[in-house]
Structure formats: C-alpha cells, structure tokens
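The data below hold one chain only, encoded as structure tokens and taken in the form predicted alone.
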C-alpha cells in the first residue's frame, strides 16, 4: 500500500485528483469507479476545474458508482449527487455513466450491475471509508458479499448519512458493489477525511490483518492501493 500523508484535506484532494488525471492521460477511455459522500467532494472540484481549464478530457472516459440507496427520492439519490458535484461540470458523455437506478426493482438492478462487472474491469476505483470501516455499503459483519448486492444499512451508517437528507430519513437498504467487485479494480485510490475516521485508519495502517469486522482491511489484499490521509489523523 502506497501511503501519502498530507497537511490538509485540500492537499489530499489535490493529490487525489492528480492521480486520477494522470490515469486519464494514460488511458483516455478508462473506466473510473466513483464514490459519494463528503470525502470525495474536493477531488471532484479539482477535476471540474481541470476540465474547465482544458487540462482534462473526459469525452472518452466511462464511470461506474459504488452504490446507491434503494427507493430514495430523486433529490436524495447518489445519481443526483454525482451530476450536481461532478458530471454537470465535466465533458463526460451521459451514456458513459453507470449508476444503480434507485427507482428500479433492486433484484433486477443487482443482476444488471453484476452483468456490467462481468463485462468490464474498473481501471481506477476511488473510495472513501466509513467510521466503522465500511467500503461502499459493505458493512462490518460476520461475512461479506463478493458481488453486487442489496444490503441493509448499519445504524452507524444511517446516523452518519442522515445529514444529507432533507427530512433526516435515510433508506434502510442500498445496492452496492461487493468487496470482490472492488478488489478486481486494476488500481484503488482511497482518501480519508475527518476525525471520525481516525480509529479505523489506525486499524488499517498499524496491522496487516484482514477482518470482515473492518471491511477496509481487505485493501491489504490488493497489489495497487494508494491511501491519502491527513497526517494529523495518524498521530
């Protein structure tokens, strides 16, 4: 695991964006795996800025998102989040965007996305991490699913995400890439932000043990992972 420690979140976001833009320059038709939530917002701002400045071209790129809520309102969906914060600000063709449909039958969406990952390999997967170590919506449990699946959300995740919902009501289920889907990406970029992630970050950095109780530890099994975090979170 390649570890980059920074002095601030802004520096972390800039370095994360530089890694993505470098990968895009090497492979303009790359398949980029994307995450949602507060953590990647700085990266998305940097990517949008680079595109506006003519320093990035997403016209041949494709994207796929980690997860989506089941049965949420459009205004609360990760689809809207991605368009508001990234897709509407870069020259990515809309037909090149793959996100689970929050209005569709979740079992049908599971099969559709499993088919997508059978046919495609993510070149670079961007990840955040939950305070309980969840990756995507792969929550700590006795076992973890390998493939795209529908999953109940842990109480800690619901509480952490409630602020994103106008009425504070978070759906009870989500559809998510499985850990096997994530680990099949050719390379992984994980950015960690916020004091609530301090303990899980230490657990990831101080041990090479792999446990389903901290899904992030499965990243130890991947040969090409870059982790970016503020130095202050490690002391």
Ligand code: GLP
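This is a predicted model, so every value here is computed, not measured. Positions refer to the first chain, counted from 1.
The next section is about a form of this same protein that is not shown, the form predicted in complex with this ligand.
Novice: Suppose contact means a heavy atom within 4.5 Å; in the predicted bound form, does that hold for all of 12, 16 and 46 with this ligand?
Specialist: No.
Novice: If contact means a heavy atom within 4.5 Å, which one of 144-152, 97-105, 110-118, 159-167 is the stretch that engages this ligand in the predicted bound form?
Specialist: Within 4.5 Å of the partner lies stretch 159-167.
Novice: Might residue 63 be said to contact this ligand in the predicted bound form, defining contact as any heavy atom within 4.5 Å?
Specialist: Although this ligand is absent here, residue 63 would stay clear of it in the predicted bound form, with no heavy atoms inside 4.5 Å.
Novice: Give a yes/no on whether residue 128 approaches this ligand to within 4.5 Å in the predicted bound form, heavy atoms considered.
Specialist: The answer is yes: residue 128 has a heavy atom within 4.5 Å of this ligand.
Novice: Applying a 4.5 Å heavy atom distance criterion, does residue 87 contact this ligand in the predicted bound form?
Specialist: No, residue 87 stays farther than 4.5 Å from this ligand in the predicted bound form.
Novice: Would residue 38 show up as a contact with this ligand in the predicted bound form if we use heavy atoms at 4.5 Å?
Specialist: Contact with this ligand, yes.
Novice: In sequence order, which positions of 71-92 have a non-hydrogen atom within 4.5 Å of this ligand in the predicted bound form?
Specialist: Just 78.
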